[in-house]
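Have a look below at one chain only, the form predicted on its own, in structure tokens format.
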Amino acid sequence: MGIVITAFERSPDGGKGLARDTRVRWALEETGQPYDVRLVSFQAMKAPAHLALHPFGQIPTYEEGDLALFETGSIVFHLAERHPGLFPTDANARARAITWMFAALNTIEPPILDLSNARVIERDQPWAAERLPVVVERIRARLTQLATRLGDSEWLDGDFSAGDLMMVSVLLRLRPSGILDEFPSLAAYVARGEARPAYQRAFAAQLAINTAPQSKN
């Protein structure tokens, strides 16, 4: 059995690359691994068959033979360990790439997700207007630190790695807010990630699903 991942039947972002299956697609493209996609509806994500793969009823999932994984960090880590292209060969550089993967998911992404919650899910709460500026300032503080560390470098630590793949994927979620544009070096960093042929293939594949005519069945 080859690699099979799950993705939204119709992504909430309309195929703009923000759905998390894009991260996995990108990693698969960087490592040159062929894969198939099983599309799931929001209803199907909560059904027993999908919950057996992802206990929290989300996407993506990853299946290969008798292995089933969920969480993008875990999936990308697995691919980077199994196939060349995402981890450096030097042991210390590899450890630093893993560290940047954790930093992307544990330090940078949480306040960005808070912004989405504040603007969409919590916007009608009486305290929403007061909370939003606090969330935005938390993001700016983290991006200031990240931009300082990146400096004039092309990537976070030497050559492109899984750490950059995860960080670019996380930062992309900020683009609609305009906050990313306040940090030109980070905006350029994200653009470099998007310009990689592997990302372009992953983005095109995800977009194609979301722009295809819907079945009337």
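A residue's number is simply how far along the shown sequence it sits, counting from 1. Small disclaimer: the values here were computed from a predicted structure and weren't measured.
The discussion below concerns the form predicted in complex with a small molecule, not included here.
Peer 1: So in the predicted bound form, is the small molecule close enough to M45 to count as touching (4.5 Å, heavy atoms)?
Peer 2: Judged by the heavy-atom cut-off of 4.5 Å, M45 is in contact with the small molecule in the predicted bound form.
Peer 1: Using 4.5 Å between non-hydrogen atoms, is D13 touching the small molecule in the predicted bound form?
Peer 2: It does: once the small molecule is placed as it appears in the predicted bound form, D13 has a heavy atom within 4.5 Å of it.
Peer 1: Do A27 and the small molecule share at least one heavy atom pair within 4.5 Å in the predicted bound form?
Peer 2: No, A27 sits far enough from the small molecule in the predicted bound form that none of its heavy atoms falls within 4.5 Å.
Peer 1: Using a 4.5 Å heavy atom cut-off, state whether L174 contacts the small molecule in the predicted bound form.
Peer 2: Contact check for L174: no, nothing within 4.5 Å of the small molecule in the predicted bound form.
Peer 1: Candidate spot G85, A97 and S161, all three in 4.5 Å heavy atom range of the small molecule in the predicted bound form?
Peer 2: No residue of the spot touches the small molecule in the predicted bound form.
Peer 1: Using a 4.5 Å heavy atom cut-off, indicate which stretch of 147 to 155, 177 to 185, 55 to 63, 31 to 39 touches the small molecule in the predicted bound form.
Peer 2: Contact criterion met by 55 to 63 only.
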